[in-house]
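Given next, in structure tokens, is a single chain: the form predicted on its own.
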Amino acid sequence: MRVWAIANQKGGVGKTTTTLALGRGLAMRGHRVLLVDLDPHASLTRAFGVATDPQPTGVLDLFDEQPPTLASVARSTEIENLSFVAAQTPLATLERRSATQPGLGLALSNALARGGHAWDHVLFDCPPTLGLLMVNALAAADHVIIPTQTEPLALHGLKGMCRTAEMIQRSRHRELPVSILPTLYDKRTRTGADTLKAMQDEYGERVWNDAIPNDTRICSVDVLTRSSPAAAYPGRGLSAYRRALDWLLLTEARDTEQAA
């Protein structure tokens, strides 16, 4: 099992789209994939057509004193090999609960230890804030993937997210590799090109040497959440995510080989 945290402390960078596209890509390659929606806004959950009122079973239940198994809260999708765990709006209240309920910081790690072996890849769609949910995801992750807009203001959020990953790495005493995925790229603009170059100059091989372009087709929920064997990667956006997935898998294989 490999655990990826899709995270950035800045909103609007394409975290949920990235989680869906990478998860879909892994599933279509035959990997058993579980997506976990950790954002109280529940965009990934809504993408699969699950209403948040009444509150569904899902991530919040994993923080109970006697939590259910991951398998019992996972939902299947029409894409073969792809499942997900729904988010709930009350996830936003977990910070208050942590003051009186010890051990919440490792709730997701414990859930994976109890039943994560059922999947080859688990992808956490993190909220855009540094708090209990993101710390849980980073504590459990084998790899952090940071989607980042190719615009100057996004570089500040990227720097903060890298610092957070380093902090979690020190606290858990094991490596937490970071890969940076440039998103929402418009090659027609000077700003986009300059920002992408600045990102690559500062972070080197941690940055993908390509970028996910602006593509309105991947704004469609159907493209990301429904099976389409006749058009596995429709449009330039999903085609770019396919190449990004190739890079991420090669990066993980290289890191695993170096650690051996």
Ligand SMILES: Nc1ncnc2c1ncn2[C@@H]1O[C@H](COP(=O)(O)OP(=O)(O)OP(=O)(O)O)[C@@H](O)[C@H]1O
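Note that this is a predicted model, so its numbers are computed, not measured. Numbering starts at 1 and follows the sequence shown.
The same protein also exists as the form predicted in complex with this ligand; that form is not shown, yet it is the one meant from here on.
- Comment: this ligand is not present in this chain, but in the model of the complex one of L62, I218, V207, A27 has a heavy atom within 4.5 Å of it, namely I218.
- Though this ligand is absent from this view, in the model of the complex it lies within 4.5 Å of a heavy atom of just one residue from P56, P67, P213, G235, which is P213.
- This ligand in the model of the complex is not approached by G160, whose heavy atoms all lie more than 4.5 angstroms from it.
- When contacts are judged by a 4.5 Å heavy atom cut-off, A154 does not count as touching this ligand in the model of the complex.
- In the model of the complex, this ligand lies within 4.5 Å of some heavy atom of L184.
- Interface membership of P128, defined by any non-hydrogen atom within 4.5 Å of this ligand in the model of the complex, is confirmed.
- Residues K10, G11, G12, V13, G14, K15, T16, T17, D39 of 6-39 are found to place at least one heavy atom within 4.5 Å of this ligand in the model of the complex.
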